[in-house]
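We begin with a single chain expressed as structure tokens, specifically the form predicted alone.
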Amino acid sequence: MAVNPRWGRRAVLRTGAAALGGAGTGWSAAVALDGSRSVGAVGAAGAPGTTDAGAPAAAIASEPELGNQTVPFHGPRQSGVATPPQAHLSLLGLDLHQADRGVLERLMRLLSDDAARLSRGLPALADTEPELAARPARLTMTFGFGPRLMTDLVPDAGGAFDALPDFGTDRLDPAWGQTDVAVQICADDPLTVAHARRMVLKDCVGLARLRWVQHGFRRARGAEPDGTTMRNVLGQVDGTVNPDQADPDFDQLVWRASEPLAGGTVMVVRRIRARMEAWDKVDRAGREAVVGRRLDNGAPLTGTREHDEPDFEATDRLGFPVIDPASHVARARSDDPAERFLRRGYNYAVPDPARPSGEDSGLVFIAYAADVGRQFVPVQRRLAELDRLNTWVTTIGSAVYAVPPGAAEGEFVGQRLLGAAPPAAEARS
């Protein structure tokens, strides 16, 4: 069914006509329960898409290609949190032109509709490059609201979460600071990420402005076995003690149980710059002592495998601790099982001729926790007080966001949090 060309995409969505995206129209596609796309992409005119070689998209469906894999957008919780991390990240920080509930609702209606379509391998409404949507490559788009919006626009949101306190080692640049909205775009293909980012920026016209974009990367999908712990630009295995969805306390650590954020979580964003020109001068033994782990496989200095439990009481032949009490792993570790959170970090590296190394590189540290004050803040305070790694890394950006629960079909993310009426009800009013 064609959309009247006189209607803009905003008119379509605001009137509830976006409900036409359901089954039976040219915009829909089936998604298998295991998250892989089961039919070909739909082109701009509703016809099956084609591959670069001109083969019908229907033939693609049977191919086990990474680009065809999908992650469902709709559900009780947002994707992109517990989803196994994809290879590429674009994290966008947006500020509303006006801190108004109606403005936020219109923006989230647009963004949610785009995310639902793109994550299925379908073009967004009024997508001028529909062919770029055909390979979702496990695309996820995750949305968070900053403290100002939660305080001013969300009913009864008091105490939902607190802004992060100051940490003594931070050297924060306002250019990477708190924004009203965060959009985490992740996929295994950089062109998919770029296209989704472009759709977000189109949606923002007249509603919000872009403050910053933080690009990030991991190993390419398939370059190493799934589930392998990532390495950061310093060469260290990063995230060994991350909670796993199989852990009995995973939900308790990550997802909020209390209103108004029940079913959601809290996102922490920290931009951590590495002084690579100084790190290059440290020998291998020194690097391992600073971190407290072996560089080859991430094992603690008292063990042989990555997931061996560190022995902080072990001493060498001279009586010195094998793992320095001021090492990163020792300072990050806690006897309190509640002081854990889900890490979802990405490396970054951008050219910067003004820096001795020729580039600005480090970590876009993203963490999710049900209670940031209880889980994240105590760990970060210990690291700020004394961590050997602080000589080589500095946090230059910091922000925190409430991540609403997921959206059902026909809803937008944050709809229940904002107390908004469903589209059909709005259209009848």
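Bear in mind that the values here come from a model prediction, so they are computed numbers and not experimental data. Numbers for residues come from their place in the sequence shown, where the first is 1.
We do not show the form predicted in complex with a small molecule, though everything after this point is about it.
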Inset, instruction - Mark Arg293 yes when one of its heavy atoms lies within 4.5 Å of a heavy atom of the small molecule in the predicted complex, and no otherwise. - result: yes
Inset, instruction - Answer yes if any heavy atom of Glu288 is within 4.5 Å of a heavy atom of the small molecule in the predicted complex; otherwise answer no. - result: no
Inset, instruction - Would you please decide whether Ser79 lies within 4.5 angstroms of the small molecule in the predicted complex, comparing each non-hydrogen atom pair? - result: no
Inset, instruction - Examine Gln380 and determine whether its closest non-hydrogen atom to the small molecule in the predicted complex is within 4.5 angstroms. - result: yes
Legend entry - Stretch in contact in the predicted complex with the small molecule, which is absent here, among 148-156, 135-143, 101-109, 232-240 (heavy atoms within 4.5 Å): 232-240
Legend entry - One residue of His97, Arg211, Arg198, Arg333 in contact with the small molecule, assessed in the predicted complex (non-hydrogen atom, 4.5 angstroms): Arg333
Legend entry - One residue of Leu125, Cys204, Val193, Val329 in contact with the small molecule, assessed in the predicted complex (non-hydrogen atom, 4.5 angstroms): Val329
